[in-house]
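A lone chain, given as structure tokens: the form predicted on its own.
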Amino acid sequence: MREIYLDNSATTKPSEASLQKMREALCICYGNPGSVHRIGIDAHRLLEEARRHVAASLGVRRQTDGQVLFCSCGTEANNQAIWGTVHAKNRPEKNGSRGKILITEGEHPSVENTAARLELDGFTVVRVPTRNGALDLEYLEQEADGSVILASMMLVNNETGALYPIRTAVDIVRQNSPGAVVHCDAVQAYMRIPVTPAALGVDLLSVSAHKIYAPKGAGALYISPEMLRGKRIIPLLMGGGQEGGLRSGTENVPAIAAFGAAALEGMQEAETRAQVLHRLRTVLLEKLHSLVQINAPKNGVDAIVNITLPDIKSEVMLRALSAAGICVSAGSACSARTKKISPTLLAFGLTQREADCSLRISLSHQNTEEEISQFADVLDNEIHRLVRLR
């Protein structure tokens, strides 16, 4: 049996269009985009072409609508959004805190760990509950007050697929904390559902290339015009002043060019991909409902399905499936090797034992119904085999 890849939330297989554009940047337009000779100008053209495509995919049609800042990945984009905002102004301690930061329970480590570090620096961090994949809006309203300086809330949870009502949450924050900056980690939502900063009402929004069928090495942060005009964000990297002075360092043109091509392709194929994903999810749930516990959020995206096995540790099942040529995960690839119980699944409401026996299946339009059926058959066989071994 050929390999079946069902770990598309960890990374995706680069499309031919993205690889072709990367080859152009590597082999033909290989100059430094800051150089003024022909090859440098050609590289700059590829860079700005990619910026236009990524911006358009976010509903940003004019430069005055905001800036798309290229960086190395979604993690860097999230760090730039949070650190760059919090430290843009001097924030002396007041009433025992340097200011309040709102995030959701079960955020990606790039947000959670950054927030935890800021707690050590004197900021107050409040984590909004997400039990059963539902953002607790009453709790958010209770905590949103004049001391909030930043709210950072993911749009789609990377382990459960829960889709949070970010527009409603943003309205609550704006009403109660008018001076707060609002950031959204949209990495797992981007190119799976329509995503625009304008529709969400956010100031900052993070996306990543390798989640949308481009190679690894590029991400982007949308920054609103108000943030730019008010100088409410400062750079993390100092140097030659690339990316409008907000992200120094020579841009990774090959990865960024591929990112732009993938974004363009994603826009063109959005409807078809969505239909395929919905059909695959329907087939997958039909196959799995009698085998495992499905951890279905109240509202979720088609691409991510989280399941709990019948008292079989996820690590054991992952090895069995991998031996059969099937790739899934136990959660976020960023923390997969730490072997810690997922805080995201605990926040969802699973017990420690259930969380330790859970898998994430993440689908792509590149998958087929035949692959879903083969996966379900292998999973069924392995469950019965491993139960017997116990």
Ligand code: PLP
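Bear in mind the structure is a predicted one, so any value in this text is a computation, not a measurement. Numbering starts at 1 and runs along the sequence shown.
Below: the form predicted together with pyridoxal-5'-phosphate, not depicted.
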Inset, instruction - Tell me, yes or no, whether residue 9 is in contact with pyridoxal-5'-phosphate in the predicted bound form, where a contact means a heavy atom of each within 4.5 Å. - result: yes
Legend entry - Non-hydrogen atom contact residue 187 with pyridoxal-5'-phosphate in the predicted bound form at 4.5 angstroms: yes
Legend entry - Heavy atom of residue 195 within 4.5 Å of pyridoxal-5'-phosphate in the predicted bound form: no
Legend entry - Partner proximity in the predicted bound form: residue 161 to pyridoxal-5'-phosphate, non-hydrogen atom cutoff 4.5 Å: no
Inset, instruction - From the candidate stretches 130 to 138, 70 to 78, 263 to 271, 281 to 289, select the single one in contact with pyridoxal-5'-phosphate in the predicted bound form, where contact means a heavy atom within 4.5 Å. - result: 70 to 78
Inset, instruction - Name the single residue among 85, 208, 295, 152 that comes within 4.5 Å of pyridoxal-5'-phosphate in the predicted bound form, judging by heavy atoms. - result: 208
Legend entry - Contact residue in the predicted bound form, from 177, 242, 110, 124 (heavy atom within 4.5 Å of pyridoxal-5'-phosphate): 110
